[in-house]
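Form predicted on its own, single chain, as structure tokens, below.
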């Protein structure tokens, strides 16, 4: 087996997941101006839901649909129940509220599902595809294809459709958008629903290849933030950010071991933060 080829395959699969998480995070951030630290919990909630439902003997397709619905409802609930009544608070306070929501969700998942990892059958089964000394399962191929396609479609939706342009207007200037007759509260609701749906989709595609437990959300939030930062908080570049992060993780794991993964991820986050603030540090300004 060629380690370089296998690392590329692993990086593509991880990159598809990170692209979905990144674009969901970006869409929600740009409409609310709040970095949602509970965003990765949509992945955890969706994956745990699919695992629990499939464990009841239900079809894996129904379990997947349940995961998507629950993840979307979770994201909407965080926005409507926790964030909407408190939009007058400082952004720093709202970010702390999302962090509290993440830890609360983590506890609820631990009670509901226990501490043992969960998984469910693959949606796409068959012999793996072997090419150039590497192998990728059909579920992995579907993950890469669906993940990147969904991320690209959301980017095009924001640019090419009237509803997408309303979301962008709300992100650019909420006050001006309201003067133009745009219901900004509705736009934020739609943005959170999209973010939740993408987080659930990431879980449905990835969890059958690995497993998930109650504490998976915070790690996915971190990776979504890094991928979004690599993309410059631009939906159009979310695929590039996710792919860059996924490939970096895969090569680090292949050549330095899994224990080196988190230190490298934090180093990337620090490097991106320093790079993104260079204009501010030298007297300029930069908008998210």
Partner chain sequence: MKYGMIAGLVLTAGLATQALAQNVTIGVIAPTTGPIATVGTRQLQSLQYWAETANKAGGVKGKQVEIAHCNDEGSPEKAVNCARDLISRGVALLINCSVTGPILATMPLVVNGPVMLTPSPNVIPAASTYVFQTSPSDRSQTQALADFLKSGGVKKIGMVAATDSSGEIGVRSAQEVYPAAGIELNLARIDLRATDASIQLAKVAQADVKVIYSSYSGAGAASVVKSYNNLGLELPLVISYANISDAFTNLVKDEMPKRLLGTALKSVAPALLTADERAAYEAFEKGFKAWRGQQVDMLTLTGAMLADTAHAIIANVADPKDPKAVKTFLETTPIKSIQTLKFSPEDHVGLGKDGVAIVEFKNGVWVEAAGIK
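Between two forms, the rigid core is the largest collection of C-alphas that superpose within 1.5 Å. Please read all numbers here as calculations on a predicted model, not as lab measurements. Positions refer to the first chain, counted from 1.
Form predicted together with its partner chain: not shown, discussed below.
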Query raised in the report: Do all of 10, 214 and 250 end up near its partner chain in the predicted bound form, with near meaning a heavy atom within 4.5 Å?
Result: yes
Query - in the predicted bound form, the residue from 80, 149, 173, 210 that sits within 4.5 Å of its partner chain by heavy atoms - result: 210
Report task. Quick one: from 167, 154, 197, 206, grab the residue that has a heavy atom within 4.5 Å of its partner chain in the predicted bound form. Result -> 206
Report task. Give a yes or no for residue 261: in the predicted bound form, does one of its heavy atoms lie within 4.5 Å of a heavy atom belonging to its partner chain? Result -> yes
Query raised in the report: So in the predicted bound form, does any heavy atom of residue 184 sit within 4.5 Å of its partner chain?
Result: no
Query raised in the report: Can any non-hydrogen atom of residue 159 be found within 4.5 angstroms of its partner chain in the predicted bound form?
Result: no
Report task. Examine residue 87 and determine whether its closest non-hydrogen atom to its partner chain in the predicted bound form is within 4.5 angstroms. Result -> no
Report task. Considering its partner chain in the predicted bound form, find the one stretch among 67-75, 159-167, 189-197, 126-134 with heavy atoms no farther than 4.5 Å from it. Result -> 126-134
Query raised in the report: Which residues from 108-137 come close to its partner chain in the predicted bound form, meaning a heavy atom within 4.5 Å?
Result: 110, 115, 116, 117, 118, 119, 121, 122, 128, 130, 135, 137
**Report entry** Core-aligned C-alpha movement of residue 56 between this form and the one not shown reaching 2 Å
**Finding:** no
Requested in this report: Could you check whether the CA atom of residue 65 moves 2 Å or more between this form and the one not shown, using the rigid core for the fit?
Outcome: no
Requested in this report: Spell out whether the Cα of residue 263 moves at least 2 Å between this form and the one not shown when the two forms are superposed on their rigid core.
Outcome: yes
